[in-house]
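So this first bit is one chain, no partners, the form predicted on its own, shown in structure tokens.
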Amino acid sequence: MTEMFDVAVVGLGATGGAAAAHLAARGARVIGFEASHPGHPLSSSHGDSRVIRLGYFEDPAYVPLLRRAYRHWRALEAEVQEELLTITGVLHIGAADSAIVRGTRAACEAHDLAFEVLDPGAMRRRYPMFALHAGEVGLIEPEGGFLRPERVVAAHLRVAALAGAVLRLGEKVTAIEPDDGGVTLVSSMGRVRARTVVVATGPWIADLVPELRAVAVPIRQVVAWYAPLDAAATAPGRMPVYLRDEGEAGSYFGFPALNGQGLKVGRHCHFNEPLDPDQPNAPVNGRDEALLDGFMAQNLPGVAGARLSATTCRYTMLPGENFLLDRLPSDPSIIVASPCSGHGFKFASVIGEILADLALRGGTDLPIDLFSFAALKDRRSAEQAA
């Protein structure tokens, strides 16, 4: 007789790994599949650091989920006895009415979060490593910081395995066949039965959920690391993680010098270049380097030296840059998880809880209406009409 699992999880990166951990911790019979290895170079769960922040300029509706995510991150740290989340503060730089500064302030005020607006004089005194241009201010959110993505994914999978989850690495699921009794997963190694499946395959989401083929768009992202010229000024205890709003020129994110790797920086969505997820990432080129070199020279003068390295990764963009966490309308035994659009990693711990709720209870008490298929359809229609 074929073994029946309660839940199968396809994709064991940040999202799928968290889902497997939460499901197994609740006593569910879980099997997880990963086509490669967790945190592999073509995934979206590598690169040593990810921003985490509470004052969410994108939409204040995310803040309650972030509060819960912080609690889950600390609980996971306690369970695996390893530091995963480091608080440095997050400094938001831009014009006072810029999307990042204005939106962060609104989210902080709406949810009673600590923040401080710094005028040019205060910025020079407190954070002299950052150049401030005409009309710009700083807004520091003290509770922000960074996560260690490779450690996070490994920690969730360790917790899942210790709770009894079966994890199959290097095994690709090629088809999902739903029926009245659940789903059959067809993989490179055979067939597996489960009552419910969570699909969390990042850039490959449309391979198993064809409804997303024209909606979930993988794009190329580039990040680079620069030699710190002042080790004291750029250490995590002195320099915060930062976001910088350049208006029409886009927004950037950056980190203090971590683990001897240098100062990491990237522009959100980079050049918005779609990619084929089955092909190797295109190498970093002169245009990529010129963009990031110019940003660092202009905005961190005196502390950022020569570029040490640069690499590519992937975002999977959805309309409105929101998440998708919902049952497939045509078949509720298939749960689709695409919490990406370049800002999802920080939520992984609470998204694992949400996916466990959807799989085992059929719904969740957490606020996820923004992440439904219906909301996605509305956002896509709005974008097409614009």
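Counting begins at 1, following the sequence as shown. Given the structure is predicted, the values throughout are model-derived calculations rather than measurements.
Only in words, not in the display: the form predicted in complex with a small molecule, which the text now covers.
Which of 220-228, 81-89, 119-127, 94-102 has heavy atoms within 4.5 Å of the small molecule in the predicted complex? Residues of 220-228 come within 4.5 Å of the partner.
Find the only residue in R68, H343, R29, R26 having a heavy atom within 4.5 Å of the small molecule in the predicted complex. Looking at the other structure, the residue within range turns out to be H343.
Please identify the residue among R307, H111, K172, R238 with any heavy atom within 4.5 Å of the small molecule in the predicted complex. Looking at the other structure, the residue within range turns out to be K172.
The small molecule is absent from this chain, but in the predicted complex, do V10, R50 and F253 each have a non-hydrogen atom within 4.5 Å of it? Every residue of the spot touches the small molecule in the predicted complex.
Can any non-hydrogen atom of R148 be found within 4.5 angstroms of the small molecule in the predicted complex? R148: no contact with the small molecule in the predicted complex.
Answer yes if any heavy atom of Y315 is within 4.5 Å of a heavy atom of the small molecule in the predicted complex; otherwise answer no. Yes - in the predicted complex, heavy atoms of Y315 and the small molecule come within 4.5 Å of each other.
Is G202 close enough to the small molecule in the predicted complex to count, meaning some heavy atom within 4.5 Å? Yes, G202 lies within 4.5 Å of the small molecule in the predicted complex.
Any chance S36 has a heavy atom within 4.5 Å of the small molecule in the predicted complex? Output for S36 is yes: heavy atoms within 4.5 Å of the small molecule.
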